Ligand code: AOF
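Read the single chain below, which is given as structure tokens and is the form predicted alone.
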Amino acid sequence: MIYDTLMKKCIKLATKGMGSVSPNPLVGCIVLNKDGLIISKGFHKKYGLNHAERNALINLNNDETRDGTLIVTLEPCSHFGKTPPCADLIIEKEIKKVVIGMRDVNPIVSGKGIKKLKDAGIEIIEGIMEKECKELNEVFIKNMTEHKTFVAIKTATTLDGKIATSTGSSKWITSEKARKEVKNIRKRYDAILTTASTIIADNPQMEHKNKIILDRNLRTDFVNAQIYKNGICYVFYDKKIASEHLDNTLTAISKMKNVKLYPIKTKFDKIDLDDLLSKIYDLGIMSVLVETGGHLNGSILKYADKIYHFIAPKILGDNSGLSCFDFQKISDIAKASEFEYCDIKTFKPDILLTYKRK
């Protein structure tokens, strides 16, 4: 069907906004004239700027758009936000038909944009490649329907599921091609989350605009650790455990405008992940990519919406090697955490398996 082909193009356009539109959704749009020819394209480029439909329509006159068709991944908005309603502009441009991938899950918009267009006499076709459009905006959907941060885990292992040898040696399990893809994945998320243990063991730079660091007793080197050299760093600590270091730490970071400290609740001598994720959401961080060791990977697994699993064609064959999910012992396979494959890619010689929660 021709609308499927055009919607695929809209989805591809929408992905150009990855990493820039949060907390807004990713949206792509194509405009056809009355003869069915593509005359304009647009996507939501950055939060606060024009929506996809406005970008596609703004430079067209009514002689070009009259009786035309607009294809868009998400229901056009009907309210004034940071920009005027897209539905009003579509009506103004005398568009005859609007083809929509999915309804907006934002209660401010949901169904209202479609109603406004229908009331203006515009034909509406809904649900074109709806599944793919929902996958495109999996983060936005969770934010809107559950009011929670979307959680993804990235791990890189050998064929036997190890992230390091028993001595901690891990550089490099995967190839340069795979590591380059990791940088692309990071760009899709509002923040990266890691731990003091990972920072002390690997001293990673993790270039990103937002970084969340779990450092219960403030033992990372705020002055010299590479991770603090760029981006905003949100450091969560246990106020009771860290009290003896707190004064020295505050002095060390007093000149570091990019480091922000937040006390966090603990449960059974571990960071309370419910409290952590709630605080992250309250900070306006709508999605987070977890990059750390097996213990936190395992602990946060029950909150994970997606897993990026890079696998290198290497075998340690060492039972004492560090595992990617090291958090529980079960005797009944029925109690295992279950995910499903949603994508497989190759970055020779490695592969990337992407899973999502069932």
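The first residue of the sequence shown is number 1, and the count goes up from there. Nothing here was measured: the structure is a model prediction, and the numbers come from that model.
What comes next is about the form predicted together with this ligand, which does not appear here.
None of 82, 255, 131, 180 but one reaches within 4.5 angstroms of this ligand in the predicted bound form through a heavy atom, and that residue is 82. The partner is absent here, but in the predicted bound form a heavy atom of 144, alone among 102, 235, 144, 152, sits within 4.5 Å of this ligand. The stretch that touches this ligand in the predicted bound form, counting heavy atoms within 4.5 Å, is 70 to 78, out of 266 to 274, 70 to 78, 194 to 202, 216 to 224.
Not displayed here, this ligand is kept clear of residue 249 by more than 4.5 Å at the level of heavy atoms in the predicted bound form. Put simply, residue 27 is close to this ligand in the predicted bound form: some heavy atom of it is within 4.5 Å. Shown alone here, residue 106 lies within 4.5 Å of this ligand in the predicted bound form, counting heavy atoms only. Shown alone here, residue 140 lies within 4.5 Å of this ligand in the predicted bound form, counting heavy atoms only.
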